[in-house]
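As structure tokens, one chain now follows by itself in the form predicted alone.
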């Protein structure tokens, strides 16, 4: 049993917030569906160290829903700890000094929509601790048919979260998002952007955590508004075909460049969890 002090550590408070956010997002998304509901798959790992030095323990819950509005949406929570492999620990700040020991918790979400005029969206917020600790995350929008007013609404919501943190945060994290969610082999952005931040440790952990909470709350508020705007838009087979090809770009980014995917492979996490971002139907 944890003591009151242990329960109040930043990593435990972050994990509790991420779990609560997962619950509230899933409940909100289910309101759009007449009958579809999230399938919940709890999981737990308790693995011994392997020949590479890697060990993974912890638990989480994968949630997946396929419906008439959300063709596929995954909202996953994980809280894991263990040891990075000898090779991978060189890539993570503070992991060499901690002999590879780490704890990571977070929520990750990707939704692919049935209607081509409703944009796909990604959001994640996370905490990671080695000999150092930091937050990371962000949210970005990927429409097949961009609407300026939807883009503006989404960015205004992210800016509001950033402005609650520090005045120049939005410009910095928007630029980071634009550079990160970019397909260099195509010479094109993945979508219309949002914000992205990593290795966030300002020296004021409470302020950093408050900002991460603000990002999660901003996302939960703004994305359903965009869905409501577009779910009844009529579309043609040609519109749907464009959606499927746009999803191909999404797959290319997530399999080649996405840090979360690479982290999942490197830690030995459940492939079903970190590959939930893959759309159900896609074309090239």
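Positions refer to the first chain, counted from 1. Note that the structure is a prediction, hence the values are computed from the model and not measured.
Although not depicted, the form predicted in complex with a further copy of the same chain is the subject of the following passage.
**Q** So a further copy of the same chain isn't shown here. In the predicted complex, which residue out of 231, 256, 41, 36 has a non-hydrogen atom within 4.5 Å of it?
**A** Contact check passes for 256.
**Q** Which one of 186, 132, 179, 86 is close to a further copy of the same chain in the predicted complex, taking close to mean a heavy atom within 4.5 Å?
**A** By the 4.5 Å criterion, the partner-contacting residue is 186.
**Q** Quick one: is residue 10 in contact with a further copy of the same chain in the predicted complex, heavy atoms, 4.5 Å cut-off?
**A** No.
**Q** Is there a non-hydrogen atom of residue 20 within 4.5 angstroms of a non-hydrogen atom of a further copy of the same chain in the predicted complex?
**A** Residue 20 lies outside the contact set for a further copy of the same chain.
**Q** Although the partner isn't part of this model, could you tell me whether residue 275 comes within 4.5 Å of a further copy of the same chain in the predicted complex, counting any heavy atom of the residue?
**A** So residue 275 counts as contacting a further copy of the same chain.
**Q** Check whether residue 252 has any heavy atom within 4.5 Å of a heavy atom of a further copy of the same chain in the predicted complex, and answer yes or no.
**A** Residue 252: contacts a further copy of the same chain in the predicted complex.
**Q** Select, from the options 244-252, 25-33, 212-220, 49-57, the stretch whose residues sit within 4.5 angstroms of a further copy of the same chain in the predicted complex by heavy atom distance.
**A** That would be stretch 244-252.
**Q** Go through 62-98 residue by residue and record those having a heavy atom within 4.5 Å of a further copy of the same chain in the predicted complex; state none if no residue qualifies.
**A** Contacting residue: only 72.
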